[in-house]
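What follows is one chain in structure tokens, specifically the form predicted alone.
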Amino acid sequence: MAGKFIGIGVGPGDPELITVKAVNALKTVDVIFVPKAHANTPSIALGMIKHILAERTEPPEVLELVFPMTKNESEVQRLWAKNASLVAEKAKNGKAAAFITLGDPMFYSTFIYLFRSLRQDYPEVKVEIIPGVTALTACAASAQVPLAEKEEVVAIIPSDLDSALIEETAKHADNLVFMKCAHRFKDLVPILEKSSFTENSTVALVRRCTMPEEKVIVGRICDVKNWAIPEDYFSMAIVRRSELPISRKQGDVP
């Protein structure tokens, strides 16, 4: 009997921000695959669901899949194929296997590449995807800054994108979301000013969203030069072209 493979979004960091459907799946699957960038580092996603697994009478098999950060395309393809084969083996042996990921499986997630490899090489494997609360919406909630209203246009931008492309994109959006941006955010301000964002445009910078060490700064573009912004992979900024009343300041505000 064939099993299935489930991509599960476990939310942005707070263990309570996980859907009922995800919890129910995690209580019944036979195998849980855990993505890791390095073999010797702990998995944040796994830590978020330990309380759920602790309630099970029979613990699942937990297997780590290492996805190292590399730009070597042939090596990347080899790793995807290898990890997809491990997943397919469990599913074809009748197991219900899950892959957990922070946020949502279909929003800037490692799951997407694994999903594509499975679809290409093992089309017989049944796949289900359970969405999760994204960092995008969680950051807006933490900062209490709306992502969009009425007919506003939102652009989501990886912060390492080419500056010229960021500038051109910003010209056509009312609000911008910069992913993983702490290391570069101050350098983005002049680009925004070239794209008709003003010194009074609202900015929210959130690090470690919904995690115990969460930090939130809300202000205006003119304030950013004075902000202390430590580098942090788990960082996101929301920039609104319009000026909003500032009602939330905390964290790293000098």
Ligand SMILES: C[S@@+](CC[C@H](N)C(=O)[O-])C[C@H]1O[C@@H](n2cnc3c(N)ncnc32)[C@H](O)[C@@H]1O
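For every residue, the number given is its place in the sequence shown, counted from 1. This structure is a prediction, so every number in the text was calculated from the model and none was measured.
Keep in mind the form predicted together with this ligand is missing from the figure; the text below concerns it.
- Taking a 4.5 Å heavy atom cutoff to this ligand in the predicted complex, the contact residue among A96, L79, V125, M179 is M179.
- Exactly one listed residue, out of V62, C222, L53, M211, brings a non-hydrogen atom to within 4.5 Å of this ligand in the predicted complex: M211.
- In the predicted complex, M236 approaches this ligand with a heavy atom inside 4.5 Å.
- Interface membership of A135, defined by any non-hydrogen atom within 4.5 Å of this ligand in the predicted complex, is confirmed.
- In the predicted complex, this ligand lies farther than 4.5 Å from every heavy atom of S117.
- Contact annotation for C139: at least one heavy atom lies within 4.5 Å of this ligand in the predicted complex.
- Considering this ligand in the predicted complex, the lone stretch of 84 to 92, 127 to 135, 164 to 172, 143 to 151 in range is 127 to 135 [heavy atom distance within 4.5 Å].
- In the predicted complex, this ligand lies within 4.5 angstroms of at least one heavy atom of each of the following residues of 98 to 131: L102, G103, D104, F107, Y108, S109, in sequence order.
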